[in-house]
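The chain below stands alone, shown as structure tokens; this is the form predicted alone.
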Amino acid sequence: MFSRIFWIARVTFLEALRQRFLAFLLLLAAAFILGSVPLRSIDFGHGELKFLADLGFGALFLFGSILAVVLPSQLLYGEIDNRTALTLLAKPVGRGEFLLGKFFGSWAVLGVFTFALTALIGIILLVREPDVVARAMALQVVPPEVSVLGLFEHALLQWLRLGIIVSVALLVGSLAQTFLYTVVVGSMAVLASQLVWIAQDTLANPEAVLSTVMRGALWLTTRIFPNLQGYNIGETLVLGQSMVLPGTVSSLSLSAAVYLVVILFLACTAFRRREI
């Protein structure tokens, strides 16, 4: 089983690397990150390194989310529309193995995307760090420091976060019948997951006046959708602007792993019953 999943993932990975959409988003994100350097003078009162990091990490998640929704959906429906999925499934390849292969192949491409852009962001921050430190010492303030370990941890968390989005896209694709519907619903699910923190804060606020139905709806929302905003701790990890609680990275990684297992289980179950 694992060899078949690995083979499908390998073919999916190589096929995804040839997609022009991947190259376009990678170049667009890199251009956006590089374009932030000339704009550092209009940092709206924030520190230069913080400004560059925020723009870089924001571009990484924005373009990565688009890629995580569109790419697996495109690859899945490409197999179905070209009838190659029937050929594969006619052989001793299970539907769950087929879907898992698509997931791991797409997720591997997202890994290349994530770590390549993180390396670019890290180079920019490390190049600008000496000038920023020199100015801070001249003003007798505590200079910021760029953490290479924090960059790696942030890249890992972003890869896990994008993996959740890939699994959600495949779950929707295993239920839907069209590529466009999958992309639209997948994008809406990502948006809802980005706004889960609002529901969590509302429930935690003792002064919030909510009806029983509204409180139940908000509670259910926080349990169904993952809080993708919680993975947005790049500035803290990389620049150390505030203390990261011990175990935060491990907790977020474990949470992402649980969501991946549950969502992929639901996707495989739904795909087994889908008409192809």
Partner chain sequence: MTDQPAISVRDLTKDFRVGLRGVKLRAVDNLTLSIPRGQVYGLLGPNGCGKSTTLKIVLGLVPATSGSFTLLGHDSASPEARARIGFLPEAPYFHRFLTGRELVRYCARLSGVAADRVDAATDEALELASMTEAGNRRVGTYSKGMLQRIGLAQAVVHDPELIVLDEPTAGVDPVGSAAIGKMIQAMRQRGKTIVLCSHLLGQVEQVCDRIAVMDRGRLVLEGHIDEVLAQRGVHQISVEGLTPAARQAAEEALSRHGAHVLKVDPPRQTLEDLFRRLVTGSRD
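Numbering follows the first chain given and starts at 1. Computed from a predicted structure; not experimentally measured.
Omitted here: the form predicted together with its partner chain. The next part is about that form.
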- Among 112 to 120, 170 to 178, 156 to 164, 79 to 87, the region lying within 4.5 Å of its partner chain in the predicted bound form by heavy atom distance: 79 to 87
- Task: Tell me, out of 195, 93, 203, 126, which residue has a non-hydrogen atom within 4.5 angstroms of its partner chain in the predicted bound form.
- Result: 93
- For residue 20, is any heavy atom within 4.5 Å of its partner chain in the predicted bound form, or not? no
- Should residue 11 be classed as touching its partner chain in the predicted bound form when contacts are defined as heavy atoms within 4.5 Å? yes
